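A lone chain, given as structure tokens: the form predicted on its own.
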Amino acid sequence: MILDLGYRRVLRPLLFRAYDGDAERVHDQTLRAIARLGESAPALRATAALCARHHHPRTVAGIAFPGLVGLAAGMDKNGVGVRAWGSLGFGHAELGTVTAQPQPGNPRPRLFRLPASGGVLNRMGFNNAGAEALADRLAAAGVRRGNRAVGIPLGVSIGKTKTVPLAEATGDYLSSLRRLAPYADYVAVNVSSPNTPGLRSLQDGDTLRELVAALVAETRLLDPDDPVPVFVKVAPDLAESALEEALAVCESGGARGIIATNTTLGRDGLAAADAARAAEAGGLSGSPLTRRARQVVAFLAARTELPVIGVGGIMTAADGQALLDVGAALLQVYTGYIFGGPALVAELNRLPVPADPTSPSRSTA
């Protein structure tokens, strides 16, 4: 209750009005504050006492997660808040999406809140400092794969550098993988962002097959005894036939899990007050994605033994429970955290779940 009132009624209104409503500036300043939190041991302990109450540990792809809900990729591309996310209640954090080369991303403005719709529209374009910089930051924080130096598992989402031709994408992804595998508990392959030209074509069967096979093979070369798990993140806009094809590629290629979903190019569910934003380019997340994300998670979970991490439109505890009920092994939040803050994470951590964490429900409802 204190978390809910403090964030939703006091802090969120202040954040939404700050910098004349410039969502990206607010995002950057909030990350800096979270980074400062991570530098103070007393502050981390106090925050953890209030927020970090994980009730349902799960083992997924061989990784021991202390809680159900993680931070989705996109919130902390460069790992600046890496020391703090666990104290804020997250059971894991997925950093990135990071690319092999540093890049500025798309021109601003490129991040828009849609308060009436409970959504966010972004066309960030993988703005990040590059894989080398993230590896250096993780090393400085004492992070190595599996050592829980920051208290929780860390995933790293990797994507294609914009200037690299699609025909050379595999080599570009491999470069990021080689640099970051020593620090990542898993690597997420982002082939589903709508904000890098042509990227979603990497979800096509033969192209995805080549990419997944190359990445999995590389993880086995880097660590033959315990390769870092590779997860693949899919778009919510894929037809069922394309989802089935992507799933078959992941299973045959040795991927260890699927993340469903990314942002959508659809504009269904926008409130009238936000209708003017419908023409903006970019991916939509939040409440307008809730129903479709649930459908995709249910479709995939009913057809595979691979774990499916559910992300997209988790704005309430009920949304999270619905994803667990249709088969999600873990949850991730991004837009829900912007609107609900730490209170939402605390509510998700208290959700009842199936007793056997390796056997989520296979309902297709």
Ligand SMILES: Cc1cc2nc3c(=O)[nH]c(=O)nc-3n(C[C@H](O)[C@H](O)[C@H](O)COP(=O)(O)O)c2cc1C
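Every value quoted in this text rests on a predicted model; they were computed, and no experiment measured them. Numbers for residues come from their place in the sequence shown, where the first is 1.
Just so it is clear, the following notes concern the form predicted together with the named molecule, a form of the same protein that is not shown.
**OP:** Decide whether residue 100 counts as a contact residue for the named molecule in the predicted bound form under a heavy atom distance cut-off of 4.5 Å.
**Re:** Because no heavy atom of residue 100 falls inside 4.5 Å of the named molecule in the predicted bound form, the answer is no.
**OP:** Indicate whether the named molecule has at least one heavy atom within 4.5 Å of a heavy atom of residue 196 in the predicted bound form.
**Re:** Flag for residue 196 set to no.
Subject >> residue 299: touches the named molecule in the predicted bound form, heavy atom cutoff 4.5 angstroms >> reply: Outside the cut-off, so no.
Original post:
Would residue 124 count as a contact of the named molecule in the predicted bound form, using a 4.5 angstroms cut-off between non-hydrogen atoms?
Top reply: Residue 124 belongs to the contact set for the named molecule.
Original post:
Taking the named molecule in the predicted bound form as the reference, which of 60, 333, 68, 52 has a non-hydrogen atom within 4.5 Å?
Top reply: Answer to the contact question: 333.
Original post:
What is the one choice in 150, 111, 238, 135 with a heavy atom within 4.5 Å of the named molecule in the predicted bound form?
Top reply: Of the listed residues, the single hit is 111.
Original post:
When the named molecule is placed as it is in the predicted bound form, which of 60 to 68, 30 to 38, 44 to 52, 308 to 316 ends up with heavy atoms within 4.5 Å of it?
Top reply: Heavy atoms within 4.5 Å of the named molecule in the predicted bound form occur in 308 to 316.
Original post:
Of 142 to 165, which residues get within 4.5 Å of the named molecule in the predicted bound form if you count heavy atoms?
Top reply: The stretch touches the partner through 157 alone.
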